[in-house]
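Single chain ahead, written as structure tokens, the form predicted alone.
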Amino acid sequence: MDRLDYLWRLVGTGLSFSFFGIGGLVLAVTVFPAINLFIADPVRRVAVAQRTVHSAFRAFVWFMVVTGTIRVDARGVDILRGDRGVLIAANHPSLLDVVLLMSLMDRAQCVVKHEIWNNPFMRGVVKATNYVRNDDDPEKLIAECSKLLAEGNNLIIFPEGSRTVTGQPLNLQRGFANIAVRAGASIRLVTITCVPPSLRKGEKWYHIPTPSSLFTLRVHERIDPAGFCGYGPPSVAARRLASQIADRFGNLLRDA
């Protein structure tokens, strides 16, 4: 019986990722060109594109849950949906983290690696939604993110910069804190746990655990960077802010 359950979830995982790739390509060649054709206002065009991605990701997560590929327990979603102009900072244990977060928020920006812009399945999606491209230019990235936050957009960011390395302590980069300090934007903390671990850094999609993984998302407090600006220049404030958030994440994850 366990063997059959494993094989079923393996098929479900394969179908899920196939649908993900094909869905991204379909959106890029049909839905987004139609949005560009019929909506002239660029701001409204981006908003519709982001809501479209939200709906697609929500359907993707629903499919994975219905097929028993994963389980999801998300709490505090209404708080997350009510945020505006907030930097959503989350830990990053799995490949599915950004998909889960964006499936819960009807509009959100995120920072994506520049390689994704060359991916034929995802290039049309990130271009239409105006996601922030990370080209390893810190000043440009901070300026673009600050502008989006000032306009009332929420920005999803993973302070680790990449998926968590199993067995290693949480190592936060200071880029997210620099963005928060420069933009004067609050940081909403979100923790994600995945038990048993799945789709970790270095793992293939078919390396699935037994039983199915439970993804637990919890929405926590907002942290105002203004309280750190009295310590000195922005670089010092960002360093202190990042240190405190690293400690807070450590405590939250230990409790989880």
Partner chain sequence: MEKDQIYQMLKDSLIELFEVPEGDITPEAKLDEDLDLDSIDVIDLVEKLQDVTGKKIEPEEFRSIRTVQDVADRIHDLLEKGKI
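This is a predicted model, so every value here is computed, not measured. Positions refer to the first chain, counted from 1.
Unshown form predicted together with the partner chain; subsequent notes refer to it.
Within 4.5 Å of any heavy atom of the partner chain in the predicted complex lies no heavy atom of N91. The partner chain is not drawn, but in the predicted complex it has a heavy atom within 4.5 Å of S235. Contact annotation for N178: at least one heavy atom lies within 4.5 Å of the partner chain in the predicted complex.
Mapping the unseen interface onto this chain, I156 falls outside it, with no heavy atom inside 4.5 Å of the partner chain in the predicted complex. Heavy atoms within 4.5 Å of the partner chain in the predicted complex map, among the stretches 157-165, 78-86, 111-119, 137-145, onto 137-145 alone.
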